[in-house]
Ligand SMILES: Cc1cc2nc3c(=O)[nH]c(=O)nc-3n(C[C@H](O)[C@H](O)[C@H](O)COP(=O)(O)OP(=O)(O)OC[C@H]3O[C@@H](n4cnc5c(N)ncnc54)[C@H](O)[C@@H]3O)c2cc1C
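Coming up is one lone chain in C-alpha cells, specifically the form predicted alone.
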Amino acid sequence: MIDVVIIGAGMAGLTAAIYAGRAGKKVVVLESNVKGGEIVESTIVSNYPGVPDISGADLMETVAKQAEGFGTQIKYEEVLGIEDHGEYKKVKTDEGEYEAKAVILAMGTEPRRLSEKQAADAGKRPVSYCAVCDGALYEGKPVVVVGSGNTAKYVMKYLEGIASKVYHIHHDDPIPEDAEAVFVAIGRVPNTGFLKGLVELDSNGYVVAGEDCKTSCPGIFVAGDCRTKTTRQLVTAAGDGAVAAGQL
C-alpha cells in the first residue's frame, strides 16, 4: 500500500512529494505529460524567491531531483479515474492501478490556445501564456494581448508597466505587425475531467477546497492551479503542496 499518490509533477505536486518524502511517506507521482509542468516552457523564471533568472526547465529539474532524493518515484502514466474505498483510494491509469492511503490532486490547468488563424499570423514571434513569467523579456517593446474578460485586463495592466505599447485584440483578430510577442489570455481549463462525481468541482471545473487543501472527499487533497483560488503562481503552488502534504 502506497502512502500517497500525487497526480501531477509540476511545482505543487513535486513540493508535496518533497514534504511527504521527508516525513517518511512512500510517495508515487504520476505525470501524463512533461515532468515539471507548464513552467518548463518558460525561458527565464525571475520571480521565484531565491532563484533569480533560471529557466523553467532547470528550476523544475532541480525540484524533481530533490523529490527523488527523498524517495519519490515519478512515473509517466495518465490517470483515468479514482475510486474511493474509504480507508484507501484506487488510482487507475493507462498502465495499471495503485492503492494508496491518500491522493493529492496537482494536475494544474491548460491554457486555451490561439486559433489556427492567429497561430499562423503570429509566425515565428514568441507566444506566451504567462505574462508574469515572460513579460520582463519585452521591456520597452510592443506586445499584443489576445483575449477578453478579467484575465486579459489583468495581463494588459501588468504589461503596460513593462512594454512600450500593449495592443489588445480578440480571438481571431489580426495580430499587429510591429508586436514582438503575443500574450494569450483567453482563459484556462483545469485538468479535472476524470474527477466528476468524486470531489466537488465549481462551475469552471476547479476542485473546491480552501487554504487547507481538503476536498469534499476525505483522504483526497488538492494543490496548485486546479484548486479554487485567486492567485496561481509557482510560489502559491509550492505553498499548496506543502499544506496538502502536511495533512497526510
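Residue numbers here begin at 1 and follow the sequence given. In this text, rigid core is short for the largest set of C-alphas that superpose within 1.5 Å between two forms. Everything numeric here is computed off the predicted structure, so don't read it as measured data.
This next part talks about the form predicted together with the named molecule, which is not shown.
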| item | value |
| --- | --- |
| Whether 5, 206 and 244 all lie within 4.5 angstroms of the named molecule in the predicted bound form by heavy atom | no |
| is_contact(residue 33, the named molecule) in the predicted bound form, heavy atom dist at most 4.5 Å | yes |
| Contact test in the predicted bound form: residue 128 vs the named molecule, heavy atoms, 4.5 Å | no |
| Contact label in the predicted bound form: residue 79 to the named molecule, heavy atom within 4.5 Å | yes |
| Exercise: residue 237 in contact with the named molecule in the predicted bound form, heavy atom 4.5 Å | yes |
| One stretch from 106-114, 142-150, 156-164, 171-179 that, in the predicted bound form, holds residues within 4.5 Å of the named molecule by heavy atom | 106-114 |
| Heavy atom contacts to the named molecule in the predicted bound form at 4.5 Å, residues of 1-30 in sequence order | 7, 8, 9, 10, 11, 12, 13, 30 |
| Residue shift check between this form and the one not shown, rigid core fit, residue 76 Cα at least 2 Å | no |
| Core-superposed comparison between this form and the one not shown, residue 131 Cα displacement 2 Å or beyond | yes |
| Inter-Cα distance between residue 133 and residue 76 in the predicted bound form, nearer or further [3 Å or more] | closer |
| Distance trend in the predicted bound form - C-alpha atoms of residue 155 and residue 233, change of 3 Å or more | farther |
